[in-house]
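Encoded as structure tokens, the following chain is the form predicted alone, with no partner shown.
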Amino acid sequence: MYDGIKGFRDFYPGEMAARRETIDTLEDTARRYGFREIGTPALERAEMWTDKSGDDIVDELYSFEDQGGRHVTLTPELTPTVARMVVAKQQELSKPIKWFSTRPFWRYEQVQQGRQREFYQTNVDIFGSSEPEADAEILAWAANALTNLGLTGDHFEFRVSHRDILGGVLESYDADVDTEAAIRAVDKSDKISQAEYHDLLVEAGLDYDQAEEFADLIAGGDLEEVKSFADTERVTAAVDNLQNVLEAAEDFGARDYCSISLETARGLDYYTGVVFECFDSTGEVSRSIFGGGRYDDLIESFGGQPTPAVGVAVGTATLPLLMQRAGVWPEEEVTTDYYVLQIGDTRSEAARITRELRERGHVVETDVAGRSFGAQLNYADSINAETVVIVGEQDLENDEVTIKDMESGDQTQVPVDEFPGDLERPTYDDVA
């Protein structure tokens, strides 16, 4: 007997049915916004991450040397991959490019609530537009997808910020500040003590008084105060851009879900503009549900033409926690429209009924194990069959089949050549 690997999960049919319903809702919402599905590889060159984040990131990757001597890794995220894909066919692709996909990713990190080493994400991205409407459409898709899942504004909130506000304020200090390190400190601020947070800011180049001042200013979230404090074109432009995005989000129906939170920084260094994270409004789910933002420099850094981009990645690890807390997680059970039960030598007629029902798009099972009448009926009950079609030798001698409603237990006989007949989805109530 072999044990599963830590951080990798099995999904049995009931739970997988709930996950599939959730993923289908996310993807169907993306399609209605005009996003087109793509497929991407599980394996990429590790340099796509080490070149941007340094060799230390290898400890977080499932990386190895393949038989061709290449340093490769199981992909820990999608954004570098889609950036590579855009660069490869940049001249052929109509702008804006609107893509989505759902697939697994792998990171070697500590397993905890809502965090596994293999995890699944639905990624939604727009390439080729720097307009606030592109950011707002990503926010609108995310809000629409969540409400389509049954969630409301009482269940979640989007905390929205702008990386250039943070970078611009840090730049305004008379100090040699490692801006990326300071922003990563901001990103960790809600997970560590205030003293640890200030220490990280000091390590990034601020003195203790500046660190305290900066932390208080950012925590306050007053955009006008921030503009006045920094008094730079960079911060003013960033504040204006954030406000324009929120105005567009108002028109797109997503503003009510958004709150300004300048402590929302997103830890990855490639973010350049508006960023946001989705949180459980009650705080019961301690980690962010998902996040996204603008990354205008990434395509160029991969050798392409300058191309603005914005996107979001919705993980299916923390999202179920939010849905379960809100009471909207789908039932973890399999469902079946019909079970065609065979008694005796009736396979040919049972197979004909099974085929015709399946051709109409229904979920249909029939016996493939040579079981008794009672065993088949028990199995039909275990798969939540709505209707059982009993095809027995005695019934066929009378040119009939029996239609049984599994919830009520009622059943009736109908002529075999009239089932399923012209009805799209015949049930007991239709034929009784």
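One-based numbering along the sequence shown. The structure presented is a predicted model; accordingly, all values stated were derived computationally and were not measured.
Unshown form predicted in complex with another copy of the chain; subsequent notes refer to it.
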* Asked: Can any non-hydrogen atom of Met406 be found within 4.5 angstroms of another copy of the chain in the predicted bound form?
  -> no
* To do: Using the partner position in the predicted bound form, report whether Leu423 sits within 4.5 Å of another copy of the chain, counting heavy atoms only.
  => no
* With a 4.5 Å heavy atom cut-off, would you call Ala88 a contact of another copy of the chain in the predicted bound form? -> yes
* Asked: Does another copy of the chain get within 4.5 angstroms of any non-hydrogen atom of Thr402 in the predicted bound form?
  -> no
* Structure fact -> TL;DR on 161-169, 271-279, 198-206, 102-110: the one with heavy atoms within 4.5 Å of another copy of the chain in the predicted bound form is 102-110
* Asked: Would another copy of the chain in the predicted bound form be within 4.5 angstroms of a non-hydrogen atom of every residue among Phe119, Glu212 and Phe290?
  -> no
* Selected contact from Glu359, Glu233, Asp176, Glu224, since only one has a non-hydrogen atom within 4.5 angstroms of another copy of the chain in the predicted bound form -> Glu359
* Going by heavy atoms, what in 23-38 lies within 4.5 angstroms of another copy of the chain in the predicted bound form? -> Arg31, Arg32, Tyr33, Gly34, Arg36, Glu37, Ile38
